[in-house]
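A single chain, nothing else alongside it, follows as C-alpha cells in the form predicted alone.
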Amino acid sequence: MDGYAGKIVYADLSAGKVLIKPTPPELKKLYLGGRGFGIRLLTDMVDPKTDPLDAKNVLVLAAGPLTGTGTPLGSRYEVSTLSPLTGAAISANSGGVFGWKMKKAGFDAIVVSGKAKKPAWLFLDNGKAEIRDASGLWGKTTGQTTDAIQNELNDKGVRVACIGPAGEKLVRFACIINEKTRAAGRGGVGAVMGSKNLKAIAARGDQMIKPADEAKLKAVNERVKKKLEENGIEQALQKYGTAVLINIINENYVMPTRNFQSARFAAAEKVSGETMAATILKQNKGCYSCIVKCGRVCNVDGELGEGPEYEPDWAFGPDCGIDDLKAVARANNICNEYGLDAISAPTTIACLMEMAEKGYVKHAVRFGDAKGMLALVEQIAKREGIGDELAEGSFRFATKYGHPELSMSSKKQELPAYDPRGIQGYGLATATSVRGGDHVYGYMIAPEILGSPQKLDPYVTAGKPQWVKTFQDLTAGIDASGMCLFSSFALGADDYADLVAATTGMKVDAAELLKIGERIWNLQKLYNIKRGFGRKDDTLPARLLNEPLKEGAPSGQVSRIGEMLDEYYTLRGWDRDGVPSPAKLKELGL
C-alpha cells in the first residue's frame, strides 16, 4: 500500500541461484527508488577498485514508487552499474513497459552479480524468479530475442529487456533494449550484461501496485494531467517528437555539426521532426501511462522502427554531415537491433570521419557519406574491421591514433546534441555530470534555450552554478521516483513531491525531494572519487574551451566552465578539488 512491489531479487549468476528479500524501508526513505536504489546498492556491493567488466561488478535494474501506478508519465526504470566506457558509477534510464511489468512481477529491483558459466536469462514470474538457459538466444538481435522468449512462454504479454550482439561482443557503449526499441542507452550497461553472460530479463505478473492514499493520488494526477496537456513543449513533443528540437537548436546556432567543428547545419530541415512527420512517420507512440506519446513509429521503405529521437537524429545526421533522413532512421534501427547507444555510436563515427579527412587514419569514410556510416554501425556492433577499434569509444580510438582532442567527450563518454559554447549553464552541467558527457542528468537546455521554467540568457555564466545544482538534484529525485524527465517541462518539485507523498505515504515536500536527489548525487560523486575521478575530469574537450563559434548570435563564444566551477563546488559543499566536505556528508547521512 505504498506504491512499491515490496521485494528485491538478487541473482547470483556464478552460483546459479536467486534470493528474494523485502525492500528495506530505510532504502525507500533515503533513496526512494530507481536511480537512488541502483546507486546505493551498487556502491554498497562493489569495491571501488573493481573493473566494470569483472564478474564482481553488479547490474541493478530498479523502478521507482511512481512506476506503474497510473500516474501520467510514470513508466521509467533505471539501470545502474560501473561503466566500461567511463569507469564511473553510472545509471541509464529507460521507459516503455518493462519497469511496470517488473513491479507487476513483484519486484522493485533486480540485482545481478557474478557471471553465468553459459548464456542465461532471468525470468521474473509473478513473485518468483529463476535463471534459464539462453544458449539458443546468444547471437540473436534484440527483436529476435524478445520474440523467442515470448514464443517459449507462449505469452505476448511478457516484457523483455535484453542485449543484442553488441552487448555480447562487449562494445563499451552497448545498451539494454526493452520492447525492442526502448533503450537504457548510455555508459555501456549492455556490455556489463554481456560480460555476465546474461542475455535477457523477462517479466510478467499480476501483483497489485497500490498507493498509500488513492484519493489524494487521484487528485494530484488530475492536476498533473492538466498541466501536461496545457504545456506548449509537451504539445510540441506529441506533434513532432523529440526531433522537434532539430530546427530549434539549429536556429540557435548550437547544433554540433561535423564532430563539433561548427554549430549550424545548413540542411537541418531535411532531418527535422517536421520533415519526419510529413514523410516517414506512421504513428506516434507512448510508454506505459503516457499522455504525451513522443515516440515515433516510422516506415522506411517498408521497414518499421521506432525513432529516431532527437539525439540519434542529430548524431547520425548533422554530426556526421548527413541530411538523408531515411539513412538516419535506418542507422537508428540498427542500433536498436544490435543494442548500441545511438549517441556514442554515431559520434564515434563522426570522430573517425574528421580523423580520416585530416589524414590521421586511413579510411574512406567522409562527412556526408550515409552508405559508409551505415556500414560502420554494423561493423561496430559486430566488432569487425575498424569497428573493433571504434567499439572502444571515440576517446580510446582517437587516443590510439594520437589525437584524443578530436574525441568530443567528457570523462570518455561522448557529448550529446548541444554545443556548450553557446549554452554556458549546459556546459557546466555536462562537464560536472557524474556519469560523463551527458544532457539528461541536468537538462539546462530547458531554461537556456526553451525558456522552461523561465528563459535564461544562454551566453552568461552568472547565476548558472545554482541553476545547474538545482536541476541536477531535482533530476536525481525524478529518476528515483520513476517519472519521465520530460514531465519536468510542465511540472515542478512541488508536483513530484505531492505525487511521491500520496503514493508512498511518506512525508515528502519539495525540499525533501531535492534533498533525496542531492544525497544520490553526492553518493555517486563520492564513489567516483574513490575510483580516481577529480577536478581534472570536470571539463570539456579543448575545442569547446578554446575555439570560438563563428556564426549567429553565439559567434565568438567558448565554453567558460572555468568561471563557474569554483562557485558550483562551493554551492555543493565541496572543497576546491570537488570533494564533498565532512559537514555535507553528515548533513546527507553519508
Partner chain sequence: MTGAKDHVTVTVRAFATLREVMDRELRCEYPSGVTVGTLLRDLVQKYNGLGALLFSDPETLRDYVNILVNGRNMEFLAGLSTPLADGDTIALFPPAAGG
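Positions refer to the first chain, counted from 1. As the structure is a computational prediction, the values presented were derived from the model and not from experiment.
Heads up, the form predicted in complex with the partner chain isn't pictured, but that's what we're talking about next.
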Exercise. Is there a heavy atom of residue 245 no more than 4.5 Å from a heavy atom of the partner chain in the predicted complex?
Worked result: yes
Exercise. Quick one: does residue 449 come within 4.5 Å of the partner chain in the predicted complex, counting heavy atoms only?
Worked result: yes
Exercise. Looking in the predicted complex, any heavy atom of residue 459 within 4.5 Å of the partner chain?
Worked result: yes
Exercise. Looking at the partner-bound form in the predicted complex, is residue 400 within 4.5 Å of the partner chain by any heavy atom?
Worked result: no
Exercise. Judged by heavy atoms and a 4.5 Å cut-off, are 4, 183 and 204 together in contact with the partner chain in the predicted complex?
Worked result: no
For this session: Check each of 138, 360, 367, 253 and return the one that places a heavy atom within 4.5 angstroms of the partner chain in the predicted complex.
Result: 253
Problem set entry | Of 310, 395, 265, 100, the one that lies within 4.5 Å of the partner chain in the predicted complex (heavy atoms) | 310
Seminar exercise, completed: Partner contact check in the predicted complex: of 505-513, 297-305, 236-244, 351-359, the stretch with a heavy atom within 4.5 Å of the partner chain is 236-244
Exercise. Using a 4.5 Å cut-off on heavy atoms, what residues in 475-502 are near the partner chain in the predicted complex?
Worked result: 486, 489
